[in-house]
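Have a look below at one chain only, the form predicted alone, in structure tokens format.
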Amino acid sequence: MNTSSTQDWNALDDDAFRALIRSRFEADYPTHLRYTSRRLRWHENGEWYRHMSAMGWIAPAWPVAHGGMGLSPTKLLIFHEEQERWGIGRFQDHGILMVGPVLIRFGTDAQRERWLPHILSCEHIWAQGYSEPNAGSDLASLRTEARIEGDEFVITGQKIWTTLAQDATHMFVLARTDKQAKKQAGISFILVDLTSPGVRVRPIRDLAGHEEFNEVFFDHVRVPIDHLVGPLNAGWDVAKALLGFERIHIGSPKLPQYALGILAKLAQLRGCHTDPVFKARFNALRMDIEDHCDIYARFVEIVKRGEPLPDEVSVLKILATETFQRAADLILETAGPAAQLHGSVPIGDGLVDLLGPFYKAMPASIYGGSNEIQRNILAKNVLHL
């Protein structure tokens, strides 16, 4: 039953809301999918997220008017905390986290009516078409081209590091539509059906042996011109807003909270959770994450008010990824020689994937705009150095 239109979640007491969310997660989420060491494929966790969709819980941050739960920043943090506490794996959520908010802000009524319901129902799974060879952090150097022919765009080019594109049905693509304009100008934001002729997806195997990332090639792919979001050649403004959405989600406390949960489980199994030195280091990490949650909540409140995110949002990504890396390092240190072993390792009476957080933490400071880029943004636009 979809309860999003009948339940005023924000009217609930925080403790009551947490208890309700927790009980449903614990009762319904498949045990074998808890605390996975990798991003799950759609055939593995799609059933769960279709269940979330049926409950009306798929878009906790979206306004109720557009089919979301409309959670306040505090309720949204509780929702994420309970997901992490129960080890619920992230899905291919670019539609929920990025496409939906962009359409709500920049799309036409017709586009919202056409695309949002399919995102909420999980019929459309979205991938992000931003990074290219030689255009990663320097995104304005992208070379993928969209040429207008009649009432269609013809897209030619390549995207790379595209998360789970092999499971996606659609992609939002930044493409150059005016080759004579300056780097940041002449770029448009276009929605692409990945079943279109001329699209080819090639997986990339990562350090852990998984195929989370992909290359995507566009060979004269034809896209209806009404798939353009925002004005022609003004995609950079849309992209900047979306990068703000991305930074607030990459910068959420979810990853460090996930690693802290693994660390707590490991310490309990090894019997070192009472060691005073370990307790001091664990509590220092926990307090850093609590501080991070408070800062995150402030930026969520800005999003909820419909205001543009300030450049200060870059601090979230730095805090999240570097705290995550410190937690992953402490997991390996606490595990000792067992940290050399790949996969789920027997520790005491349980199993722990010791290297999973480390594999996730290694690239975290690079994707979504490297932490060096984030520090440059803060130095230039916030501190005016």
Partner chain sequence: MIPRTDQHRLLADAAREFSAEHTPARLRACRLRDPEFDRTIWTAIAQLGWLGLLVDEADGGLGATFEDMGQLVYAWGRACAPEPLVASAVLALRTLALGDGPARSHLLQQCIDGSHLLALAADSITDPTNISVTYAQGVLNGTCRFVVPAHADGYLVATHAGVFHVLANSSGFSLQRETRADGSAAAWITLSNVAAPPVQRVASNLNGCLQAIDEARILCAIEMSGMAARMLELTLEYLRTREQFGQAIGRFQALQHRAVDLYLAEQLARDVTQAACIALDTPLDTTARHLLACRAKARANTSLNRIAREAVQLHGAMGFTDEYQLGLYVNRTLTLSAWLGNTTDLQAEYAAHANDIEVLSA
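Definition used throughout: the rigid core is the maximal C-alpha set that superposes within 1.5 Å between two forms. This structure is a prediction, so every number in the text was calculated from the model and none was measured. Numbering follows the first chain given and starts at 1.
The same protein also has a form predicted together with its partner chain, omitted here; what follows describes it.
Trainee: Quick one: from L191, I88, L260, V300, grab the residue that has a heavy atom within 4.5 Å of its partner chain in the model of the complex.
Mentor: Checking each option against its partner chain in the model of the complex, the one that comes within 4.5 Å is L260.
Trainee: Of the residues R105, H118, R286, R112, which one places a heavy atom within 4.5 Å of its partner chain in the model of the complex?
Mentor: Of the listed residues, the single hit is R286.
Trainee: To test your reading of this chain, name the stretch in 222-230, 177-185, 202-210, 286-294 whose heavy atoms come within 4.5 Å of its partner chain in the model of the complex.
Mentor: Partner-contacting stretch among the options: 286-294.
Trainee: Using a 4.5 Å heavy atom cut-off, state whether A61 contacts its partner chain in the model of the complex.
Mentor: Output for A61 is no: heavy atoms all beyond 4.5 Å of its partner chain.
Trainee: Given that the partner is absent here, does A264 sit within 4.5 Å of its partner chain in the model of the complex, heavy atoms only?
Mentor: Judged by the heavy-atom cut-off of 4.5 Å, A264 is in contact with its partner chain in the model of the complex.
Trainee: Can I96 be called a contact residue for its partner chain in the model of the complex at 4.5 Å between heavy atoms?
Mentor: No - in the model of the complex, heavy atoms of I96 and its partner chain never come within 4.5 Å of each other.
Trainee: Whether I318 contacts its partner chain in the model of the complex should be assessed with a 4.5 Å heavy atom distance threshold; does it?
Mentor: Contact check for I318: yes, within 4.5 Å of its partner chain in the model of the complex.
Trainee: Just give me the residues of 364-385, first to last, that have a heavy atom within 4.5 Å of its partner chain in the model of the complex.
Mentor: Residues within 4.5 Å: E372, R375, N376, L378, A379, V382, L383, H384, L385.
Trainee: With both forms fit on the core, is the shift of the CA atom of R326 between this form and the one not shown 2 Å or larger?
Mentor: Comparing the forms between this form and the one not shown, which are aligned on their rigid core, R326 does shift its C-alpha by 2 Å or more.
Trainee: For P197, is the C-alpha shift between this form and the one not shown 2 Å or more after core superposition?
Mentor: No, because once the rigid core is superposed, the C-alpha of P197 moves less than 2 Å between this form and the one not shown.
Trainee: Compare the position of the CA of F172 between this form and the one not shown after a rigid core fit and state whether the shift reaches 2 Å.
Mentor: F172: C-alpha displaced by less than 2 Å between this form and the one not shown.
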